[in-house]
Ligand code: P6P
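Take a look at this single chain in structure tokens; it is the form predicted on its own.
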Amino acid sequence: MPQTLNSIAHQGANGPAMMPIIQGVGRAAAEISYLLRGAVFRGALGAAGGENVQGEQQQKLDVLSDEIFLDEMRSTGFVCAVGSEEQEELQVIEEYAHADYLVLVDPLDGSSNLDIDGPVGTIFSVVRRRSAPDGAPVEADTLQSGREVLAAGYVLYGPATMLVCSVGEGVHGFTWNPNSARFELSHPDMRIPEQGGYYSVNEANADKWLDGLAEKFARMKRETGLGMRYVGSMVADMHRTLLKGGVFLYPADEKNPNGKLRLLYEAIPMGFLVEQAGGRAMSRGGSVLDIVPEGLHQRVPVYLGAARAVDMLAG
């Protein structure tokens, strides 16, 4: 019999508690995948007419995906609050405000790809609340470094829908099987190849990069011989990096001196997966997972992938 998301319950100390939450992520992923497939016929493509907290134009599917994810986290009964890239404040789940866990999510990463039918994804992580359960969870509950993360993962909506996750016992990929209507283990124990692969970055901004990165990057290309692939969706680019090797980077530049990717919603979850897969996850001055967040929407530069390439860029 194929292994399903139920198998997460047998993965280390965190598996039993994380399984129902990741199952909730799987239900949200199935709903979002269905929504994406028919979005053009339902008038769900295009701008929603508002901006998120970062001042970015929200797509209709950003809003819908955010609502789906919150509903499915509520349905688990184990999540007291959700922090979302699309919401300025922490979303408390009132009926389960006493629960032990908080989920941080980018519900639809790469949504600028939607109008060209490009790949998009969902990124998430789970932490244990620190505040007393007799009160409502607070933003400070989310401000934990990547070393405190209990589980993290992403969903890639491509030709197949794939959920890749870790509960601290390696990285495993589950692919949606439309015949059985469930996620089944397809990529056990994913490891980043130490050699080969590709670099993924918007190289057009190289003349604006900070931290002396342009010279380090040129050297890295010469010495590693990596090819270039860049989709513009972190989930798609990181999925290729996990499978094929190489490095994904989004450095600081003149326009974004603190980087552009969000620490809680993108850098920490992906950094957690990368380290679990044998790679390196770095930011300015050290490991992504050692940064203690200062707010829900903090941004940082990131260098994620095979250790050699990352060390050459972040060293």
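Keep in mind that what you see is a predicted model, and the values were worked out from it rather than measured. Start at 1 and count along the sequence shown; that's the residue number.
Beyond the structure shown, there is the form predicted in complex with the named molecule, which is absent from this document and is the topic of what follows.
K.L.:
Spot the stretch among 95-103, 68-76, 137-145, 233-241 with residues whose non-hydrogen atoms come within 4.5 Å of the named molecule in the predicted bound form.
P.N.:
Only one stretch passes the 4.5 Å heavy-atom test: 233-241.
K.L.:
Have a look at R27, K260, K60, R284 for me and say which one sits with a heavy atom within 4.5 Å of the named molecule in the predicted bound form.
P.N.:
Of R27, K260, K60, R284, the residue with a heavy atom within 4.5 Å of the named molecule in the predicted bound form is K260.
K.L.:
Which one of G173, P193, G158, G110 is close to the named molecule in the predicted bound form, taking close to mean a heavy atom within 4.5 Å?
P.N.:
Exactly one residue meets the criterion: G110.
K.L.:
Can you work out whether F272 and the named molecule are in contact in the predicted bound form, taking contact to mean some heavy atom pair no more than 4.5 Å apart?
P.N.:
No, F272 is distant from the partner.
K.L.:
Using a 4.5 Å heavy atom cut-off, state whether N202 contacts the named molecule in the predicted bound form.
P.N.:
Taking the distances in the predicted bound form, the answer for N202 is yes, it comes within 4.5 Å of the named molecule.
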